[in-house]
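Encoded as structure tokens, the following chain is the form predicted on its own, with no partner shown.
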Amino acid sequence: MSAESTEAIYDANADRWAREERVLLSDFTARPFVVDELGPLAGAHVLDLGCGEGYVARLVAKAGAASVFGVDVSTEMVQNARLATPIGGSCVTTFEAGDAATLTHFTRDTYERVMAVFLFNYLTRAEMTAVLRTVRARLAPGGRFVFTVPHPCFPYMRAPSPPFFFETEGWSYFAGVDRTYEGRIWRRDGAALPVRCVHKTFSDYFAALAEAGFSALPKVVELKVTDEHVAYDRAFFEPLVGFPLHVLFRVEAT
């Protein structure tokens, strides 16, 4: 495990995350599905936890959201989110630096939509549960929460190689819980970006949702490389065909 903080990693690599179009592997295999599952978004007020440089926030704004409040631990990523080319329309976007696990300042009392795109893989089970409690408290009645994480099985199924991997360092699926695995995810231009995964089992996600007060079963979607991805760029996507890359959870406020 690296001693470097997540904040430091993203501050140092913020400019390589900045983009206005699909570049990263997960821009194809995960983020479009988040927007689909959040919908309908017209007129919705959205809380974006772990917003990064605002890529998904801009997609949500384009889909008709009334406002987006994005929070990220990296001040450099937040600065890039503020400087990015704004989406046309009336959506009000606000980006602030902060820790989602201890966040106390919000732009609204409640939000119709909340998203956490690859946030929980940087948090321990206890930290994740704290964030989920915040989400449950801030999610409006009838609201929808969508989050994505690396598939819990993925680090154990594939040798470390492009365009996506995590180093398990010999830990097993169950023994590795709350261990931090360092990894890389690639852009289509060949650049590799550092990512990490604080490992959790499927059971951990369900248990944390229940502990945070979510009573309805979530919708669970295992995300992968599709035939359309391979047709678009065979050399880039084909090495990951057949592997479960990410998991999307969608849960409703009852």
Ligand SMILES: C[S@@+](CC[C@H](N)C(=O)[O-])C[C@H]1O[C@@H](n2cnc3c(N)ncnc32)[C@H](O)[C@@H]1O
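Keep in mind it's a predicted model, so treat the numbers as computed, not measured. One-based numbering along the sequence shown.
This protein has a second form, the form predicted in complex with this ligand, left out of what is shown; the following refers to that one.
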Check: Quick one: of Leu41, Leu209, Cys51, Cys197, which gets a non-hydrogen atom within 4.5 angstroms of this ligand in the predicted complex?
Finding: Cys51
Check: Heavy atom within 4.5 Å of this ligand in the predicted complex: which of Arg187, Arg31, His229, His45?
Finding: Arg31
Item checked: One stretch from 137 to 145, 82 to 90, 122 to 130, 171 to 179 that, in the predicted complex, holds residues within 4.5 Å of this ligand by heavy atom -> 122 to 130
Check: Would Phe154 show up as a contact with this ligand in the predicted complex if we use heavy atoms at 4.5 Å?
Finding: no
Checklist line | this ligand contact in the predicted complex: Val56, any heavy atom under 4.5 Å | finding: yes
Checklist line | Residue contact check: Arg19 to this ligand in the predicted complex, 4.5 Å heavy atom | finding: yes
Next item on the list: Give a yes/no on whether Phe118 approaches this ligand to within 4.5 Å in the predicted complex, heavy atoms considered.
Entry: yes
